[in-house]
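Just the one chain here, laid out as structure tokens, in the form predicted on its own.
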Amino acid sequence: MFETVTPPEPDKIIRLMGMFAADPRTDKVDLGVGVYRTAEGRTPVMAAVKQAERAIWDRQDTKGYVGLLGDPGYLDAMRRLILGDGLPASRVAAAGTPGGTGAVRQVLETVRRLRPDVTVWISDPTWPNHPAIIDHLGQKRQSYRYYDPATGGLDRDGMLADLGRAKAGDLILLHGCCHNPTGADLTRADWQAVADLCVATGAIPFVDMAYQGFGDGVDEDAAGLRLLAARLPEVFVAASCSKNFGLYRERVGAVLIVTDAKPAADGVLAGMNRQNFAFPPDHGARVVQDILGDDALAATWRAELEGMRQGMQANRRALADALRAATGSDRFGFLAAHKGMFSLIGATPQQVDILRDTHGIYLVGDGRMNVAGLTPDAVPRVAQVLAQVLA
């Protein structure tokens, strides 16, 4: 069957992981793969996760199936974490998924089934898997202006002008916080403008919430999404616990749909889960449920998450300061203002190759840099090399 098949081009980030692992240099720096690392370069298991797992191990007496939608307690905990207490549970349909990617796929496939002719609007740039999944499903997509390379910030006027062309029922895919790959986030006024636009056009927001807690704080990062949910009749959400709970390999995600037709939406989501993977993974979801349902564990988790957030912001400030010293300019000052793990450093693909091949500094081909991959010892060298190569 496979004799004449040409394998597809490997995902560029997965390919980069392999290249980094095979690189024998001891001073190599991985700023490509999107995982959080400590100052020692480790991706740790959070203390709150360890405590929750021990408790689960002690009390769990079955590995029997949970429902098609996942555990109701987990889904309720995710609803409260993401949407807060201002929205009644009766307006939120929910389903567990294998990670945030699984949630994105379930939302898009659900919309394709219900409204096959809608266009999905995605920011330029966006996470590469967004257009990849949309194209795989055969959906129509359209880009909207988002990032202004000249300022390192949001192209607000371009974004609103482009989204003003969306039609009723179209999906507008938004990053809830910590925009990947740019790090440039919407302000509250921007979220309000998007809400106004959706009211006027009938377009439906689809918010990818992959980094809650990495930007300004757990509740602060959800403020824009909560504003949309309070004003609009329908909002789709794809949520991930990979980053903020450090549960990368456990594949913990959820779909939330704000709607007045919760029973029907729950039924559609259950059917979609059944067809795609049947029952969602439970172990990581159970960990999240236990943490959020226990005041002491939740406090431990929030403190750890805040430490991670502050560490990434410290990396940003340190690199911006070092680049200011190395270049004699504030050309890279935007790095300190960005949020979350990622920023676009403004490197061409050729410069990215030089950074990797000559200096052992790994970035994604579009110049996306993961600031969580920096360590204090690496910052001076990285700044000097970036100043040299990007001069």
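Computed from a prediction, not measured in an experiment: that's the story for all the values here. In case it trips you up, residue 1 is the first one in the sequence shown, and so on.
Missing here is the form predicted together with a small molecule; even so, the following discussion is about that form.
- Shown alone, this chain has one stretch from 196 to 204, 221 to 229, 100 to 108, 287 to 295 that lies within 4.5 Å of the small molecule in the predicted complex by heavy atoms: 100 to 108.
- The closest heavy atom approach of F236 to the small molecule in the predicted complex falls outside 4.5 Å.
- W127 belongs to the set of residues with a heavy atom inside 4.5 Å of the small molecule in the predicted complex.
- The small molecule is not shown here, but in the predicted complex it comes within 4.5 Å of a heavy atom of A210.
- Although the partner is absent from this view, S240 contacts the small molecule in the predicted complex, with a non-hydrogen atom inside 4.5 angstroms.
- The listed set R251, R316, R309, R79 contains one residue whose heavy atoms approach the small molecule in the predicted complex to within 4.5 Å, identified as R251.
- None of N273, N180, T300, T119 but one reaches within 4.5 angstroms of the small molecule in the predicted complex through a heavy atom, and that residue is N180.
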